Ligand SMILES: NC(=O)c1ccc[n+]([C@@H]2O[C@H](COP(=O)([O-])OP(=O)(O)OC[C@H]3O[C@@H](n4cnc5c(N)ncnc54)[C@H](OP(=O)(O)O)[C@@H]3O)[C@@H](O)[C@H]2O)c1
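The data below hold one chain only, encoded as structure tokens and taken in the form predicted alone.
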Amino acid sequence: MNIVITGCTSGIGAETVKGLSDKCDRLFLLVRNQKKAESLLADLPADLPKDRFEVVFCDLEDLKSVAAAADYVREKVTSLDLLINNAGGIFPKGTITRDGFETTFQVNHLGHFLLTQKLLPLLLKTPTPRIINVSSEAHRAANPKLNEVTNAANYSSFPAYANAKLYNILFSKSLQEKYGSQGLGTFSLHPGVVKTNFGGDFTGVFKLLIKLSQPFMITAKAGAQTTLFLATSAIKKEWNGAYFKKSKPVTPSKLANSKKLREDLWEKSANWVADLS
């Protein structure tokens, strides 16, 4: 099994790598911090062949970096079985990437949209490929405004994150609609409220709320279980495109089922990355 995963130097991403390390033929770790990725690999069981793992630089805040990472994978393998779009983040201040998009939107959605577009030809060469998009129950608080993703004038961290997590679900549903007939399985999920370094850049009230919530959070290993279930288990055909929580399909928000919104998101995203895909 050939696998690509983003955001895997810590937290649930690192636990996902550990859970898949003995099940893969090739595993590409697309990361920004290559030293942390190498450290993760060094902690894997010594009897695993080290040449099955490869660290690839990928900065989701730079679409050219994303495109280059995808091109590198395409040079190394002729087919791909599994893509896990795990990376994400919530940011205390509104900033614009060098590509001209609000950072939360690009890191959580648009970078993965481009990566997926470029890797789809490899995925569709295998009989039952899968794409897993790590979303969040935060999507239920979304109020999407796609016409505002190129500015940060009215930025607020949690609403921006909620919108991006909604886009993960919409993207999964669109992929299922467009490519499910070709064997592609696509899923989104809520990993649980995981005790990681998520939100570590915040100060003030938000940081205090995270600290107070920590006793009720689950471990990163527990948070990776739904991803690992979707990556390795037999999934019912009728669950293709579904949103999962605790390894079971659950009903997402009403907006997450909006055909108009997901078609609008796909069209706009495709146009925004057209020069690189």
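Predicted model only: the values in this text are computed from it and were never measured. Numbering starts at 1 and runs along the sequence shown.
Only in words, not in the display: the form predicted together with the ligand, which the text now covers.
Heavy atom within 4.5 Å of the ligand in the predicted complex - residue from 141, 146, 193, 96: The residue in contact is 193.
Proximity to the ligand in the predicted complex, single hit among 40, 69, 231, 60 (heavy atom within 4.5 Å): Spelling it out, the residue with a heavy atom inside the cut-off is 60.
One stretch from 69 to 77, 122 to 130, 172 to 180, 157 to 165 that, in the predicted complex, holds residues within 4.5 Å of the ligand by heavy atom: Result for this chain: 157 to 165.
The ligand in the predicted complex reached by all of 11, 36 and 86, non-hydrogen atom within 4.5 Å: Yes, the whole candidate spot contacts the ligand.
Contact label in the predicted complex: residue 32 to the ligand, heavy atom within 4.5 Å: Taking the distances in the predicted complex, the answer for residue 32 is yes, it comes within 4.5 Å of the ligand.
Residue 135: touches the ligand in the predicted complex, heavy atom cutoff 4.5 angstroms: Because a heavy atom of residue 135 falls inside 4.5 Å of the ligand in the predicted complex, the answer is yes.
The ligand contact in the predicted complex: residue 108, any heavy atom under 4.5 Å: Contact with the ligand, yes.
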